[in-house]
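One chain is shown next in structure tokens, namely the form predicted on its own.
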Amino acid sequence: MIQKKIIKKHPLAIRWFHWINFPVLGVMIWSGLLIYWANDVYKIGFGSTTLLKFFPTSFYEVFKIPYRLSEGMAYHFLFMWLFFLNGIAYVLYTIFSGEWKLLMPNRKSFKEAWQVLLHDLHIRKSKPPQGKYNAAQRIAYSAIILMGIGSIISGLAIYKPVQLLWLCNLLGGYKMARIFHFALTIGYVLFFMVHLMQVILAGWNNFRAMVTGFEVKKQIKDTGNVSEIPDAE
């Protein structure tokens, strides 16, 4: 007989920090584009040859980005504080609640993360060790915290390059601080894309757990023995 069991997974605080951070970071990226338009110097290439430019004029026109520099700065500097406070609250919560033990990678994480990747690509059939978070998730979630710290530091350096000259110099000067800030933004976009793909692959049960805090596990009960049915891939 198949039974369903409701299991608590994500505490309220983790869910709140997650859902607050998602739109805040989205506004930060959008407003950052409005600012970047005024000095869009970055490209991939060599010498005078450009292989890829961030971003083409058509991109700016489609999303109505040109001539909105002051608007972008106003939104960016406002939501910067929301991003900062939410991040600080999240880190403090994980420390004092003990959640950090579930999030921090260990010495086996990089090997197991490779196994997770092979499983997701359907090259490896069996699932690697899986706790509340798998090895790839622990590495990714720990990295995103470091990226957040890097964004705040580099953002302050380019926001107040004169007042915080020491910080700007620590990052290699204004230009290097801006490159660092821009590279982290690209990292967030890539993280979003991979994260959304993983959510889709994991299915509704995983998404529901981040909304309600609970997930539903199916179990087979046979003559007193209970065995769990693996989640559908």
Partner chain sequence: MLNKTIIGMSNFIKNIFSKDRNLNVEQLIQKKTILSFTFFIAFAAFAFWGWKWLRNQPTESGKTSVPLRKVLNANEKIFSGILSDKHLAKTFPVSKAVNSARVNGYLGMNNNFDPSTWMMNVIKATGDTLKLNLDDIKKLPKTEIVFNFKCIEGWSQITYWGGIKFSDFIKAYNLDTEAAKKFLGLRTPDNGYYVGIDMPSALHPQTLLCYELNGKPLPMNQGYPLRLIIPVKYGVKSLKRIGDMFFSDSKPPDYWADEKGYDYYLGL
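Model, not experiment: these values are computed from the prediction. Numbering follows the first chain given and starts at 1.
The form predicted together with the partner chain exists for this protein as well; it is not shown, and the discussion that follows is about that form.
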**Report entry** Proximity of residue 67 to the partner chain in the model of the complex, heavy atoms at 4.5 Å
**Finding:** yes
Query raised in the report: How about residue 206: is it within 4.5 Å of the partner chain in the model of the complex, going by heavy atoms?
Result: no
Requested in this report: Look up in the model of the complex whether residue 216 has a non-hydrogen atom within 4.5 angstroms of the partner chain, and give yes or no.
Outcome: yes
Query raised in the report: Counting only non-hydrogen atoms and a 4.5 angstroms cut-off, does residue 60 reach the partner chain in the model of the complex?
Result: no
Report summary line: TL;DR on 136 to 144, 101 to 109, 76 to 84, 123 to 131: the one with heavy atoms within 4.5 Å of the partner chain in the model of the complex is 76 to 84
Query raised in the report: Among 186, 165, 44, 196, which has any heavy atom within 4.5 Å of the partner chain in the model of the complex?
Result: 165
Query raised in the report: Can you name the residues of 150 to 186 that have a heavy atom within 4.5 Å of the partner chain in the model of the complex?
Result: 156, 158, 159, 160, 161, 162, 163, 164, 165, 169, 174, 175, 178
